[in-house]
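For reference, the chain that follows is the form predicted on its own, supplied as structure tokens.
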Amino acid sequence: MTGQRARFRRRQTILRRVVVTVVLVFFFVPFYGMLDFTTKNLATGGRSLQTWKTLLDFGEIGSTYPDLKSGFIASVLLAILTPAIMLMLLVPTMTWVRLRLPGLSRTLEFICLLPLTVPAIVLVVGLTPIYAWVTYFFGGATVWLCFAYVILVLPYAYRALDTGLRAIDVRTLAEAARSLGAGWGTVMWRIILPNLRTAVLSASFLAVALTLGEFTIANLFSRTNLQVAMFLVGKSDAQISVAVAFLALVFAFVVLFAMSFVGSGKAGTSVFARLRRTKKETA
């Protein structure tokens, strides 16, 4: 029996190593190809770091490739606004439906999952009249694409948050906090959100990843985010475009890793400790 378990564990170890190796090769071979291309001297066939020197010269990049600067700033703002708007819409709505209107849970699920069935080009056609008004009132800045991106991330964010809400007894927690004198704002901010931290971070990961990699809607709306900027630069200088794509992938990885690191700490005080503290504050 012991020998069988030992063989089973060895097989599991070998399988894990094979899977990890395949995943690493899958991710790092394209990185190597991008680095290899950006360090080639296309004129002589040798090696050169001129592409990276140009890319690190922010003054030259800002003057020679202005789309890169504006696209990067727009994508960073979109990566902040899109998760924020999405969480402000979904978390209170999903919590309220679960507490007070459980009969609407299927309807809410249908609405949130509907964007999965709508192609991006059809979504752009439907949003064009709306964005005519958005442009009229707020201007044509790329940052206002956050409203369209919220629609794109709804299905993924809904699933992440729904999993988190199913893992906790929202009704019991809310009733306990209310019985101690907490208002609904306190219940949401001090009781529900701390218990949904993992789900909130998961939804934010997905929103940030989608926002940083979105191209179709921005291009069809003639807005310049980072992906569109790389596409435009690639028409005149492919090496700069690939170098920026490499840095964008590294930047996205660092952002997601940092968000994961923030969410990996201890959850803090227990729910009942929060409830007792809430009672003392409202007494």
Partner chain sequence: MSEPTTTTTPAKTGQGVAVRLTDLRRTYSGVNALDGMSLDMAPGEFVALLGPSGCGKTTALRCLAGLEDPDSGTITVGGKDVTAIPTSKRDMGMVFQAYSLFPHMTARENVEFGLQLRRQKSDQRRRRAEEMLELVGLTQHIDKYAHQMSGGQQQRVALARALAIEPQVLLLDEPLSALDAKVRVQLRDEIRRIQLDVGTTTLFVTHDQEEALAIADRVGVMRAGQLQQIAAPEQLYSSPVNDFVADFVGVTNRLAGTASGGSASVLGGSVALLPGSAGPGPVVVLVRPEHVTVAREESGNGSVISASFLGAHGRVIAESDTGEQVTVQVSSAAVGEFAPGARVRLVATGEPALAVAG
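Owing to the predicted nature of the structure, the values given are computational and were not obtained by experimental measurement. Positions refer to the first chain, counted from 1.
Only in words, not in the display: the form predicted in complex with its partner chain, which the text now covers.
This chain is displayed without its partner chain, yet in the model of the complex the stretch 190-198 from 190-198, 118-126, 155-163, 75-83 comes within 4.5 Å of it by heavy atoms.
In the model of the complex, its partner chain lies within 4.5 Å of some heavy atom of Asp169. In the model of the complex, Glu175 approaches its partner chain with a heavy atom inside 4.5 Å. Contact check for Ser204: no non-hydrogen atom falls within 4.5 Å of its partner chain in the model of the complex. Contact check for Leu212: no non-hydrogen atom falls within 4.5 Å of its partner chain in the model of the complex.
A single residue from the set Val150, Val208, Cys112, Ala182 has any heavy atom within 4.5 angstroms of its partner chain in the model of the complex; that residue is Ala182.
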